[in-house]
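One chain comes next, on its own, written out as structure tokens in the form predicted alone.
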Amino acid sequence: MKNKSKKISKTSEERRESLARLLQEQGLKIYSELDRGEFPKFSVPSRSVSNIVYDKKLRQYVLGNTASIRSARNMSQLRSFAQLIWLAFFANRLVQEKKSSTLRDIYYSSQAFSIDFEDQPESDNIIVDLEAVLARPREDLHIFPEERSSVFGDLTIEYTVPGYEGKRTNLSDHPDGYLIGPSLSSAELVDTSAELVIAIEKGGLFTRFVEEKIDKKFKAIIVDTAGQAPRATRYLLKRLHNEMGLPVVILTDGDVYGEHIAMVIKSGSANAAHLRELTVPDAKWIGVWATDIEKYKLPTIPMTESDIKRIYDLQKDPRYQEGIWKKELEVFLKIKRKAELEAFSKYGLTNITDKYLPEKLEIAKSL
């Protein structure tokens, strides 16, 4: 069993206390400016394309040094300034009271305080602004989207949410897996017999892997990313890698979007360049590769113009300039065909688990 150290077991409470201090510092800064007779203001890191750069050392996109001042002095900024102030206040309550909220909850909760959000996208955007100011993800603020991904395998967790503190659960106890929601995201990782994490794009294949006992055959924890992995899922993958020492491999559909799903798990996205705790730089994409389509003679679907445009877009991305990432994009562009994970069912329902997966896991050792 892989057990956590005592230092790691304190992570959740330490993160909460650290975030509470950050919020308090922002509040004290605002009060100090008011006491001095100044207009209060926030320095908000710019999330414009020109301020997003690829950091080769971190192996992910990060924000540059450009920031804008959002001040109560500027009438055109007063509305968004008030929204940001209120959100920081509301997030502080969530952190202090150890309560969680969804993105949708935030939008409706603001109405009780007469905070004028035109719609939820505007509310969501202010949440990202606060993330950028604090350099901390919304999940640390106890703000979550509607989750949809799941996890299954021999991993014992200990809950930290109010009312369940100290209660332990093994994630192999439920045949449908466990939702990667707020309670699981904040739980302590206690021990596991697993030696590997398999992240898979499709819920149907996740169920197949559970049925075929892939967790036992390969000593694996199985994670359903449900398409592009939600941030809570990416955070869990990072924790499994960092805290439990488990390598992460990724299975996606054989198309350009699947390749990018894997890349986002590995090195993040431009949209989250203001955050640095959501990536697994050593994660390995093991398929479905473009070269696998021909190698395994899979049924295919013609690429659309949108698919082809996406390939050209990614070829400009610095992360796709070498290795398997560059090669597979070139093959996708050459064959102009794509294949789903389910395509292996042409050769039998268990072909993907009995033949393809073992072969790819062996190949992963050399990547």
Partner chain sequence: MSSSKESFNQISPSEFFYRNRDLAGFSNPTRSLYTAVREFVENALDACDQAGILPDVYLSIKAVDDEQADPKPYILTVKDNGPGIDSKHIPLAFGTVLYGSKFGLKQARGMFGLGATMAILYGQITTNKPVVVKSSPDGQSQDEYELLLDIQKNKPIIVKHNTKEVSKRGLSVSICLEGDYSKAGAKIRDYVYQTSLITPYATITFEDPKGEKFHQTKIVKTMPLPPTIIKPHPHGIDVETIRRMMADSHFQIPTVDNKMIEKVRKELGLKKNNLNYSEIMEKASKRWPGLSRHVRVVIAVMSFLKMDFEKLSKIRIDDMDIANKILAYWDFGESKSVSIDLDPESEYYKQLTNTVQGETLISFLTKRFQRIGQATAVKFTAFANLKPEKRIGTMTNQELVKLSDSLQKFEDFLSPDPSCLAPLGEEPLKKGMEQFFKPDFLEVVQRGASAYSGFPFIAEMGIAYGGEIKSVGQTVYRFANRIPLLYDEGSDVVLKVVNEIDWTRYKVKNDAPLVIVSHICSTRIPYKTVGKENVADRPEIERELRLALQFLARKLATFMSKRGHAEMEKKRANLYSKYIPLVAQFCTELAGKKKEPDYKKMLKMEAMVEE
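All figures in this text were calculated on a predicted structure; none of them were measured in a lab. Numbering follows the first chain given and starts at 1.
This next part talks about the form predicted in complex with its partner chain, which is not shown.
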So in the predicted bound form, does residue 85 come within 4.5 Å of its partner chain, heavy atom to heavy atom? yes
Indicate whether its partner chain has at least one heavy atom within 4.5 Å of a heavy atom of residue 75 in the predicted bound form. yes
Although the partner isn't part of this model, could you tell me whether residue 34 comes within 4.5 Å of its partner chain in the predicted bound form, counting any heavy atom of the residue? yes
Residue contact check: residue 30 to its partner chain in the predicted bound form, 4.5 Å heavy atom: yes
Which one of these stretches, 266 to 274, 77 to 85, 163 to 171, 202 to 210, sits within 4.5 Å of its partner chain in the predicted bound form when only heavy atoms are counted? 77 to 85
Which residue, 176, 116, 146, 282, is the contact with its partner chain in the predicted bound form, using a 4.5 Å heavy atom cutoff? 116
If we test each of 92, 156, 183, 100 for a heavy atom within 4.5 Å of its partner chain in the predicted bound form, the one that passes is 92
